[in-house]
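Only one chain is shown below, in structure tokens, and it's the form predicted alone.
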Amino acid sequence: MALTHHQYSPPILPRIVLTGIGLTSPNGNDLATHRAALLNGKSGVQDYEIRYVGKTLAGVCDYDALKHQNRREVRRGTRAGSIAIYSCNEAVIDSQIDWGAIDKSRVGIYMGVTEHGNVETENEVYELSQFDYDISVWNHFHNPRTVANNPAGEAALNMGITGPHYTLGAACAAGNNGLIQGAQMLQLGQCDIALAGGVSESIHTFGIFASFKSQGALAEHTDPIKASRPFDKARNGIVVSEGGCIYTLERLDDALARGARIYGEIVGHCINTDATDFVLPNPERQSECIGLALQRAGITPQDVDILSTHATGTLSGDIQEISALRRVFDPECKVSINNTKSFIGHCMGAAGALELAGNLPSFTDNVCHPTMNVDELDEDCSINGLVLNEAKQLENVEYIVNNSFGMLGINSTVVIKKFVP
């Protein structure tokens, strides 16, 4: 019997909007401060020293860990957990949801991470070495500290959330992927509120610095604020940073019913895989990821107003991403292209979520923040639309595209639309 092929028509899904933002970044602990720093050229990179590696550079957060935890809770938990707790609580506060009236079993936490557990394991092994490797000194909280769901789990414990919680290991695409997962779970009806985004404690593990250094991919500069320089001819690597950014996501109807302020609407997204190399990006797969996200959003490259690049400041990675963008955006496109890592370094699992946050106010002020530290543009990174060193006033911002790519070839793109009632 011959099979009849029918054209697939996707179901009509609930619209998902962003109603709250909680963050800590190396240059600010709330959206207003973070955004002002991006417009005023304020870097969050500083001198840093870590065991075995010695003096280096990093993006360090300086938030009030005791705002939503007591000292015992901070001591018992992890840095990633503390960042998650701070960011989740701030996202709920910012959304102005009546938290006391919310059914906590209908709240989900979807948190991207690059890695988790290295900090705690390195510290415990070092502590063990100081006591002739007597395992009686091993911390009995080590297991709950190092399980992969720890950061989301710590936030759930802190906030009394009894709905689903988990982390998504997605390398440096994790922040975007947390956002995508949260949106999908809302559309599936698995929760009514999603706390979604990403966190990172990466600067507290010497291993990540040592590995990037051995690859020749760890940024060096006599002036810390000039170390992170994507697209610049003199770029020499990644500045490792910590941070967190969590969004309160809701279905549009629910947000409108309570009169919520809406930062933007998630209208398209895509995750795909290079399947070609451990670390070297594949521009063809990256361009496919961007193209599919635009297609799912129902728009063309000509509709995009701002594109936030993933570019980390490595020699090959930046070139590969620009090559991908050239495949998608022709020279006539109006898109303005920027980069946030030049200000705060690479916040790993939090990067995608933080970089999106810094661009969302453009829906209101129509200003595109720049990429800083580009003294001499690398010709191989040249593309029309790059916003370099100074902010750019735009006529209107309706669509923002956020790129995040990671090791093992994971790519993610999110498309956010300005919400107009």
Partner chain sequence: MSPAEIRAAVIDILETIAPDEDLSNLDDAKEFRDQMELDSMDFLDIVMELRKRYRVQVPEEDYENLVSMGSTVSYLEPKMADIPAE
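Owing to the predicted nature of the structure, the values given are computational and were not obtained by experimental measurement. Numbering follows the first chain given and starts at 1.
Heads up, the form predicted together with the partner chain isn't pictured, but that's what we're talking about next.
The partner chain isn't shown here, but in the model of the complex, which of 310-318, 183-191, 74-82, 332-340 has heavy atoms within 4.5 Å of it? Result for this chain: 74-82.
May I ask you to check whether F206 falls inside a 4.5 Å heavy atom distance of the partner chain in the model of the complex? Although the partner chain is absent here, F206 would stay clear of it in the model of the complex, with no heavy atoms inside 4.5 Å.
F278 within 4.5 Å of the partner chain in the model of the complex, heavy atoms: No - in the model of the complex, heavy atoms of F278 and the partner chain never come within 4.5 Å of each other.
Since only the chain is shown here, I'm wondering whether N70 would be in contact with the partner chain in the model of the complex (any heavy atom pair within 4.5 Å). N70: contacts the partner chain in the model of the complex.
Taking the shortest heavy atom distance, is V137 within 4.5 Å of the partner chain in the model of the complex? Within the cut-off, so yes.
Listed residue that, although the partner chain is not shown, lies within 4.5 Å of it in the model of the complex (heavy atoms), from S105, S214, Q130, T273: Filtering the options by heavy-atom distance leaves Q130.
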